[in-house]
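Next comes just one chain, in structure tokens: the form predicted on its own.
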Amino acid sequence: MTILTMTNDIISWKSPSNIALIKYWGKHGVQLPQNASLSMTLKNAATNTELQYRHSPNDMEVQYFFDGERSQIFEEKVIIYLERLKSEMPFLGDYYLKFSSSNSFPHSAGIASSASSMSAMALCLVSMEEEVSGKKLAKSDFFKRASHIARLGSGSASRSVYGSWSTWGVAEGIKNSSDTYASPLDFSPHEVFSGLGDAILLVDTTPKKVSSSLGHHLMKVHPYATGRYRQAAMNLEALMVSMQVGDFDSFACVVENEALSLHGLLMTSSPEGLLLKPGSLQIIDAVRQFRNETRTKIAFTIDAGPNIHLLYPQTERENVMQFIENELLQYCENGRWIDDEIGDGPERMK
């Protein structure tokens, strides 16, 4: 296996994961969503990706390193992605490309690692496009372009190029919404949501049995698909209202309904779709009991995996930290969890 020696240009981006509160599940065409989604961009769960490139007289050559080691599995996926991108970015055929990535959290365990990794890669590629073309994009156009390029690799990645809150998918009532790229939320949420915390409880970090790609594919033949898309539209409208008026109870109701609907679809799509673990269910039960007894503002959501996200306003942080320490760590793998919060979005490192 030949290792490229890169001596020229280096670009590096750090891009965060996001947690979808209105879930995108099911797609059509080329990475287009069957329903609009809304997500919160995280701060600490992120991917760092460095791109080294130099001109090549031959066709595009790619190498991909993860945590310092060349990864054949990821590399093959990246090559397929970049080959598809040549129609969008024809200059790629003239370069050697070496990607080096690392995550601050476990991948393939339901914490949207594809969102952070593909958005970081897309940001590197759009920055490279600017450099090799000599054409600098306006800031808004740069991130719209990066969102579009990220979407072609991972739908949820389209939202990670923006900080705080973002939506993706055409939706009634959202200005300039699009299926081809995400956009920042077009209003400022009530202050109760401005500094939302996210405690990610790592119930099980082993790779999940049903990939998100397979899950989306299975929705094409799911008998509940049409009803699900109507539900998502109604939940999106209700969630935005609760965020505008500061109604955390209604926010929690919608967010938790979306999480459990996603897992209901997973479980009825495939025998392998039961991704929740006993610890996941015990945490959900404990959260509901804690909320009822203490009136603490707290809500859970779940991506396509067993790990639980606890969302809470910063005014509730002390109560939530004690709750995690006293009651929930017993359900986490080796007592592990990630202390995260809403973030400002990607950052260029080089």
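Heads up: residue numbers just count along the shown sequence, starting at 1. Quantities reported herein were computed from a predicted structural model and do not represent experimental measurements.
Just so you know, the form predicted in complex with a small molecule exists too; it's not on screen, but the next bit is about it.
**Student:** Non-hydrogen atoms within 4.5 angstroms of the small molecule in the predicted complex: do Ser166, Ala259 and His309 all have one?
**Tutor:** Result no, not one residue of the spot touches the small molecule.
**Student:** Only one of these stretches, 189 to 197, 85 to 93, 212 to 220, 241 to 249, has heavy atoms within 4.5 Å of the small molecule in the predicted complex; which one is it?
**Tutor:** Result for this chain: 212 to 220.
**Student:** Does Ser147 make contact with the small molecule in the predicted complex, using a 4.5 Å heavy atom cut-off?
**Tutor:** Although the small molecule is absent here, Ser147 would stay clear of it in the predicted complex, with no heavy atoms inside 4.5 Å.
**Student:** With a 4.5 Å heavy atom cut-off, would you call Lys27 a contact of the small molecule in the predicted complex?
**Tutor:** Looking in the predicted complex, residue contacts with the small molecule include Lys27, since a heavy atom lies within 4.5 Å.
**Student:** Taking heavy atoms and a 4.5 Å cut-off, does Ala304 contact the small molecule in the predicted complex?
**Tutor:** The answer is yes: Ala304 has a heavy atom within 4.5 Å of the small molecule.
**Student:** Would Ser101 count as touching the small molecule in the predicted complex under a 4.5 Å heavy atom rule?
**Tutor:** Ser101 lies outside the contact set for the small molecule.
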